[in-house]
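The data below hold one chain only, encoded as structure tokens and taken in the form predicted alone.
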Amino acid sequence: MPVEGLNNVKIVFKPYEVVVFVEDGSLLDAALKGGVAIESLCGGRGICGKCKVKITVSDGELPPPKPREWKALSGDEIEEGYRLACMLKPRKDMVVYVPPSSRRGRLRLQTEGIKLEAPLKPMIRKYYVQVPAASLEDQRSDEERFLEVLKNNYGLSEVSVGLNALRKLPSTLREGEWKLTAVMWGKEVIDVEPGDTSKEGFGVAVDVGTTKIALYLLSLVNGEELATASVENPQRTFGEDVMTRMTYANRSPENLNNLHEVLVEALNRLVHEACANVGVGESRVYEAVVVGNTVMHHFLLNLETKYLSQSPYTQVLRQSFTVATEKVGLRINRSGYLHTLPTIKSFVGADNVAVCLVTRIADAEKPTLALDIGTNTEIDCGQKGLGLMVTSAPSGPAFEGWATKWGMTAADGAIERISIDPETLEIMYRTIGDRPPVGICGSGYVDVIAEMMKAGILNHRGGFNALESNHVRRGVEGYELVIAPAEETGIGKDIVITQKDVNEIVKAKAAIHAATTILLNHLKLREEDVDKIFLAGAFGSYIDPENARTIGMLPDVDLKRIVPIGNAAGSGAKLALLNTDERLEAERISVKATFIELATHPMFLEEYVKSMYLPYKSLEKYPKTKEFLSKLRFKTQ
């Protein structure tokens, strides 16, 4: 039950019936305190405008809207009592209604990835031994007699015994009647267990994404994947994107530690969930291999991000790193280890190294591309003998739900598929969870831009054509297309795509295409030379490849060459957990990869401008798409 203090302000959040008492802070802070999930892509800076709430009752006059509220809210909305939760600091008791469009929905989290076979060669090994009992005739130390048996039975020499294992060794030997199992990490005995537990060796592979975290529990004895658990990254509360989170972290060491602690606690909950699902004790989990972008990597290790977030964007650590889990706070075996794969550059992290590991792109027989599309899109291009080029394209937050009028993350109620009849302009859509629509996620925006091209609604320059239709109309911001009328939505308002939305998506796809072109040029390759395009991550798995090609996000290649590979970063982490040679390969990839800095590249601006057309300035570069569109209503002017 909430407890009221002398100076506390009482906030009631509807429709949740959550009561929170606060002394200071914003409404968004109050919601966080009460566990009310309000969308805030910008981390409470008043930029994204997604945290709209309605003040239905107030014991006193509200402070006037701030400039950022006037920018994000219409005059009618302010008149009706709408405010931005991040901007309003309550001074009087109030009742706050959180509309559906501002409620953070359950994210669609992807854990599936491609399955690869690799020889089992884990860092953790377990050996069952029977040690001769101590006697007056044999007064050797427990350690000596224990190591001698390991050497005689298994040929293990130059073995050291860790302090935690040493402390347990005397009682474990005697409780187990001189029979025990040694847990070894490399050549170090990190734990000893009474009896034969040699078949009970487990590890976890983890992909820490900006939006979601996926954890896999694997047997280190036979390589079997036993359980999977996933969750939204709880750091989203501090900002939807990495730059917002770093801004928060850079304000104080306490803030950085907050981001570290919520991440580690999320990992601990996932470990507990995965182990409980298959009846495995958490103390039998001995190692964690973790991948993530460079920012997540730094937050996990509690490394300063101040210089990572400002030019020249220097990371603290590039190489792979191993640390005792108890120093990080990860609750697996108390003597276990956490291993992070290496990064490449400031915004090309260990998750991208894992993608390269899984796709074997550095040793591909034919030219191969790999893309992991997001706010920063990592792109890899490689072929055996030609080398490996990597870059990070500033594709912006449009695909993540920011910068567009009705954009949202891939949560329940998001429109994820859109189709338009080229003749009647009838619009059909599908939402995640089959819920009434409340917004549009990234895959929906890719669909709608392509479908608008096919239907002749958009022209070659990305502008609206003048059409007579019930779906196309003039709005406050110019022409807009009504995707879902108010009576169909879960928010009681029309969900539309505006000219500004189109521009944002085109800018995002232009950055991706320009970066891809530059990588190919560095390897003296043409788009038609590309044998395979791997699409990694959830976004890559859910977008329609044909529509992505139609708008010019992907090269104009045969669709059979475009291969979604799911959570490839997680698959790479699993490989590294099960085979130590893959860790060496990851380090080789990190060193071998040539990073192309787009910000200073002489070709980037020119290619970016050409890519601002749909699908490209010269349609000759997109012959397949040109032929396809010529049969429809698409106009080149």
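C-alpha atoms forming the largest set that superposes within 1.5 Å between two forms make up the rigid core. When you see a residue number, it is the position in the sequence shown, counting from 1. These numbers were taken from a predicted model, which means no experiment stands behind them.
This protein has a second form, the form predicted in complex with a further copy of the same chain, left out of what is shown; the following refers to that one.
Q: Check whether D556 has any heavy atom within 4.5 Å of a heavy atom of a further copy of the same chain in the predicted bound form, and answer yes or no.
A: Taking the distances in the predicted bound form, the answer for D556 is no, it never comes within 4.5 Å of a further copy of the same chain.
Q: How about K454: is it within 4.5 Å of a further copy of the same chain in the predicted bound form, going by heavy atoms?
A: Output for K454 is no: heavy atoms all beyond 4.5 Å of a further copy of the same chain.
Q: So, in the predicted bound form, is N302 in contact with a further copy of the same chain at a 4.5 angstroms heavy atom limit?
A: Yes, N302 is a contact residue.
Q: Report yes if any heavy atom of Y429 sits within 4.5 Å of a heavy atom of a further copy of the same chain in the predicted bound form; otherwise report no.
A: Because no heavy atom of Y429 falls inside 4.5 Å of a further copy of the same chain in the predicted bound form, the answer is no.
Q: Can you pick out, from S135, N470, S252, N152, the residue that has a heavy atom within 4.5 Å of a further copy of the same chain in the predicted bound form?
A: Comparing distances to a further copy of the same chain in the predicted bound form, the residue within 4.5 Å is S135.
Q: If the cut-off is 4.5 angstroms on heavy atoms, which of these, K126, K212, H260, K507, is the one near a further copy of the same chain in the predicted bound form?
A: Looking at the other structure, the residue within range turns out to be H260.
Q: Quick one: which of 517-525, 93-101, 167-175, 563-571 gets within 4.5 Å of a further copy of the same chain in the predicted bound form, going by heavy atoms?
A: Selected stretch: 167-175.
Q: Suppose contact means any heavy atom within 4.5 Å; which members of 135-153 contact a further copy of the same chain in the predicted bound form?
A: Residues within 4.5 Å: S135, L136, Q139, R140, S141, D142, E143, E144, R145, L147.
Q: When the two forms are laid on each other by their rigid core, does N250 show a Cα shift of 2 Å or more between this form and the one not shown?
A: Yes, the C-alpha position differs by at least 2 Å between this form and the one not shown.
Q: Is it true that G492 shifts between this form and the one not shown by 2 Å or more at the Cα, once the core is aligned?
A: Not so; G492 is displaced by less than 2 Å.
Q: Tell me whether G155 is among the residues that move between this form and the one not shown (Cα shift of 2 angstroms or more, core superposed).
A: No: G155 shifts by under 2 Å between this form and the one not shown.
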